[in-house]
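As structure tokens, one chain now follows by itself in the form predicted on its own.
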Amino acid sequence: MNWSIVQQGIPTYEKAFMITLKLSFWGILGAIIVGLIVSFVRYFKVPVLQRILGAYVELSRNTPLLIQLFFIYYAFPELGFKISAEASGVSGLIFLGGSYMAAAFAGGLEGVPKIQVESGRAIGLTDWQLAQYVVLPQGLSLSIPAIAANVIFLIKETSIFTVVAIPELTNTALDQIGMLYDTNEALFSLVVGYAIILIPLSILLTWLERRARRGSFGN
């Protein structure tokens, strides 16, 4: 291990780190929004939309992110839609992550006691009011463990972005290995980069899970 090479590569990896962080943030945020919409549509059994979004979930969960990125980045321009590499990466992460987040939220929503929903309907609450005041507050806390696992999963999936030449951490490491043959140094920098993101985030999410359990079960 040549530590001087590692030190020289820090500025490059800093840029790659920020790109990975930025794309992860927007991709996960979009996935959470899509997941919420899909889960509520399916929970309240909205006609037509329920089937359409059910088909989306099956398609998303049963195709690899690699194939999804290839389609977004290479096929969309052929259809007249030009999209940048970074936008393709975020779109792919949202498309994949939205279905996983939907499953996470669905698990939480199904955990809300049916008697509370029925009581809300009995006093005249609309579906929107039920979602806002009854289902979402409880369902969200029950969903936190699954959401946390999905967040970690989606950040790891950013390593696939290298196939569309986004200069994130994995792409930067592969470039260094391919051009300079600094395999050990590149892999070390790659591991450190992901560790800086994932270890503190994992600790934070574990703390949130414990808080959610105490809030849900009164421990």
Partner chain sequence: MAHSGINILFEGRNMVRLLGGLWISAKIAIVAIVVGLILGLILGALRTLHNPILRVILRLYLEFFRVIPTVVLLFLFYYILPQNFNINMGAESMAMLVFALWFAAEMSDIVRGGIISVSPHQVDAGKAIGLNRLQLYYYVLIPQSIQLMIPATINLVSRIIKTTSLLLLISVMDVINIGQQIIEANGQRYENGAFWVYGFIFILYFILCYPLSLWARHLERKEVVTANG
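Computed from a predicted model, the values in this text were never measured in an experiment. Superpose the two forms; the largest set of C-alphas matching within 1.5 Å is the rigid core. Residue numbers count along the first chain shown, from 1.
Below, we turn to the form predicted together with its partner chain, even though it does not appear here.
> Looking at the partner-bound form in the predicted bound form, is Ile177 within 4.5 Å of its partner chain by any heavy atom?
Replying inline: Result yes; Ile177 sits at the interface with its partner chain in the predicted bound form.
> Does its partner chain get within 4.5 angstroms of any non-hydrogen atom of Pro64 in the predicted bound form?
Replying inline: Output for Pro64 is yes: heavy atoms within 4.5 Å of its partner chain.
>> With a cut-off of 4.5 Å between heavy atoms, is Val191 one of the residues that contacts its partner chain in the predicted bound form?
In response: Yes, Val191 sits close enough to its partner chain in the predicted bound form that at least one of its heavy atoms falls within 4.5 Å.
> For Glu118, is any heavy atom within 4.5 Å of its partner chain in the predicted bound form, or not?
Replying inline: Judged by the heavy-atom cut-off of 4.5 Å, Glu118 is well away from its partner chain in the predicted bound form.
> Which of these stretches, 123 to 131, 69 to 77, 110 to 118, 141 to 149, has heavy atoms within 4.5 Å of its partner chain in the predicted bound form?
Replying inline: Correct option: 69 to 77.
>> Counting heavy atoms only and using a 4.5 Å cut-off, do Tyr100, Asn184 and Leu187 all touch its partner chain in the predicted bound form?
In response: Every listed residue reaches its partner chain in the predicted bound form, so yes.
> in the predicted bound form, which of the listed residues (Leu36, Leu53, Ile160, Ile28) lies with a heavy atom within 4.5 Å of its partner chain?
Replying inline: Of Leu36, Leu53, Ile160, Ile28, the residue with a heavy atom within 4.5 Å of its partner chain in the predicted bound form is Ile160.
>> Residue by residue through 25 to 54, which ones have a non-hydrogen atom no more than 4.5 angstroms from its partner chain in the predicted bound form?
In response: Residues within 4.5 Å: none in this stretch.
> Cα of Ile203 displaced 2 Å or more between the shown form and the other one, core superposed?
Replying inline: Comparing forms between the shown form and the other one, the Ile203 CA shifts at least 2 Å.
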